[in-house]
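The chain that follows stands alone, in the form predicted alone, written as structure tokens.
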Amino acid sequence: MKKQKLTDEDYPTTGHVWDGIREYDKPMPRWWLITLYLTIIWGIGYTIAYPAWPLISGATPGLLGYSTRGEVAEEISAVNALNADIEAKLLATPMEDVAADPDLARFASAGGSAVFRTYCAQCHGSGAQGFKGYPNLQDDDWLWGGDLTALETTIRHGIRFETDDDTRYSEMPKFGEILEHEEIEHLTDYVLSLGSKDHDTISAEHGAALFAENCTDCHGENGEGDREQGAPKLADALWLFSSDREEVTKTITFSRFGVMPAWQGRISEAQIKQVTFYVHQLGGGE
């Protein structure tokens, strides 16, 4: 006997009626209920087999012992094993000889690029073009030197990084605590004149004597700078913080004290050599 199809009138209602519209109390479709039960069973099975529930200091490990961190670690170990020979060759090769070996140069450049994007691009830019207060690594204006040895030393020990005893270190006085406001204005005009920027000629003449008395020990008599002290060259068009009057005055008055981390101990020896080679071959290395 054919089962008679139920109509809406055959179902009870929930008792909710709104503007003549009644809410029927119909059972859920069988396919929907089966799907729901299957997902519940799958979810319970997943939480038993895989890490799932957070605990105080971790999560339930799961019966299978699977770990995404472990999977990544295995992939890294596999890559390191493949690169072990050429990495050992890189470590044994003096920095100045790396470019002479095409395979070694490619390995150093590719690895250095990855290291740079991971650790250095936040400050120096993805293309090493620098930002205000962060040096451009594509030009030939280097505070501490741009040859391979100088670059490796800077990367290894950082700049003004107090926890490294061999860090690059220099500190410019805050001349706002030493000179009068008018003297700082004269000194600003003289510094601007060194870089052929707009300045007051008479004021700059007064500033020359102040510069000779206070600044030449670090920046040189003609503003040529001193890499041994990390003192920037003032007689060119390249400025770390901008060459407008306000910024120059601020630098003289309050000084600057940028810090770069020491990467020794934070990245591997091979990575230090790789990023040194990469930065040097960007175009600004000497």
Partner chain sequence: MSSSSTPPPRLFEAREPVFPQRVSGWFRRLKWWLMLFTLGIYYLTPWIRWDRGVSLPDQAVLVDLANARFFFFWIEIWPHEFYFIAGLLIMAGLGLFLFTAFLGRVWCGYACPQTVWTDLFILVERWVEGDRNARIRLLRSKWGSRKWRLRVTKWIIWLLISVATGGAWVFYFSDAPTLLADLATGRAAFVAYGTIAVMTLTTLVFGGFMREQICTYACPWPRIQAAMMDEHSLNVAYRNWRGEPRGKLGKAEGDCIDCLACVNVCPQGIDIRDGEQVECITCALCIDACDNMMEKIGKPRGLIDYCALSDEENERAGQPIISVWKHVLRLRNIIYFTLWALIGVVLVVMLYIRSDFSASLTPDRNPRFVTLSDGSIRNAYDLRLSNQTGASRSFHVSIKSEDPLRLELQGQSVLDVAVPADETIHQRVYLYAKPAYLAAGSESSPVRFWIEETSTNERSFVDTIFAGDTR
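Rigid core (definition): largest C-alpha set, two forms, superposition within 1.5 Å. Numbering follows the first chain given and starts at 1. Predicted model, so just to flag it, every value in this text is computed and none were measured.
If you look for the form predicted in complex with its partner chain, you will not find it shown, but the lines that follow are about it.
- Using a 4.5 angstroms threshold between heavy atoms, Ser170 stays clear of its partner chain in the predicted bound form.
- Contact annotation for Tyr11: at least one heavy atom lies within 4.5 Å of its partner chain in the predicted bound form.
- A residue is said to contact a partner when one of its heavy atoms sits within 4.5 Å of a partner heavy atom; Ala59 fails this definition for its partner chain in the predicted bound form, lying far away.
- Contact check for Ser126: a heavy atom falls within 4.5 Å of its partner chain in the predicted bound form.
- In terms of contact with its partner chain in the predicted bound form, the residue from Pro29, Gly70, Gly65, Gly43 that brings a heavy atom within 4.5 Å is Pro29.
- Of the candidates Asp165, Glu180, Asp140, Asp85, Asp140 is the one whose heavy atoms come within 4.5 Å of its partner chain in the predicted bound form; the others do not.
- Partner proximity in the predicted bound form, defined as non-hydrogen atoms within 4.5 angstroms of its partner chain, places exactly one of 49 to 57, 218 to 226, 234 to 242, 248 to 256 at the interface: 234 to 242.
- Within 4.5 angstroms of its partner chain in the predicted bound form, the stretch 268 to 286 places a non-hydrogen atom from each of Gln281, Leu282, Gly283, Gly284, taken in sequence order.
- In a rigid-core overlay of the protein, Leu36 has its C-alpha displaced by at least 2 Å between this form and the one not shown.
- With a cut-off of 2 Å and the rigid core superposed, His16 has a Cα displacement that reaches or exceeds the cut-off between this form and the one not shown.
- After superposition on the rigid core, the Cα of Lys26 moves by 2 Å or more between this form and the one not shown.
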